[in-house]
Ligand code: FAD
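One chain is shown next in structure tokens, namely the form predicted on its own.
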């Protein structure tokens, strides 16, 4: 097994995230996208996993596509609605299919529920369980939240949980979205003081669409939208709002194009800042497309890594 944490300690890495398409057409197009992404020699490509394993079949299919494209597949895995035996069986199936890298997550609480509806409550439990049942057969990544997880009572509490993940056997960190670079720098300092030594792979979502950016920031991650990003959204604001299915904005298409261009430039500058802070890897959300990712990689010189 290639140990990604060891690779990250040797040099800065590049990787991508994709998701299982909801349609047959999307699944048919994905191998070509993966082929294009693999031209940049990513260290790995991760694939998301629906809450409660709702898309586990397509997740496994995509992971095989990633292998065929020529890089390491990393599966997301949540404990939502999962029993100990169910988790054990699913993880064994991944191993049998040649997938031995995993991002261990709690996942989103099911709609209308107040618990995970499974045997475990936290990602720390999942990490410990994987190590107990499978030893070193899996390399385990865990999520890190530079601004603190939205369900955690404080940043210090969240960092203590991250340290527990490390103590339970996690290998490296994939960070959640963060556009506040000063906060990210403070978080780096605090986790190092807490004794966290895992390599840090930074999750970055390309800024391409106003509605998607706002949605990911506020409804999923509770991110601070720093002023420059807010300024870009305001500058190219789609009236009445970017969530409207039929906006009445006369300059709709031009604003979308201008925002996409400005968003790519913003993303490139963000990557520059992360690299200057000494992170171990850049993990780009490819959004199942290769064109914008290619522009970003070329624009910030990440191609020189490969």
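Computed from a predicted structure; not experimentally measured. Numbering follows the first chain given and starts at 1.
Heads up, the form predicted together with the ligand isn't pictured, but that's what we're talking about next.
Site check 180, 207 and 211: each within 4.5 Å of the ligand in the predicted bound form by heavy atom = Heavy-atom distance to the ligand in the predicted bound form: none of the three under 4.5 Å.
Among 72-80, 91-99, 187-195, 130-138, the region lying within 4.5 Å of the ligand in the predicted bound form by heavy atom distance = So the stretch in question is 72-80.
query = Out of 87, 174, 229, 217, which one falls within 4.5 Å of the ligand in the predicted bound form, going by heavy atoms?
reply = Looking at the other structure, the residue within range turns out to be 174.
query = Though only this chain appears here, would residue 152 touch the ligand in the predicted bound form if you measure heavy atom gaps against 4.5 Å?
reply = Residue 152: contacts the ligand in the predicted bound form.
request  = Report yes if any heavy atom of residue 224 sits within 4.5 Å of a heavy atom of the ligand in the predicted bound form; otherwise report no.
outcome  = Because no heavy atom of residue 224 falls inside 4.5 Å of the ligand in the predicted bound form, the answer is no.
task = Would you check, heavy atoms only and a 4.5 Å threshold, whether residue 107 touches the ligand in the predicted bound form?
result = Answer yes; at least one heavy atom of residue 107 falls within 4.5 Å of the ligand in the predicted bound form.
request  = Evaluate residue 49 for contact with the ligand in the predicted bound form, applying a 4.5 angstroms cut-off between non-hydrogen atoms, and reply yes or no.
outcome  = Yes, contact at 4.5 Å.
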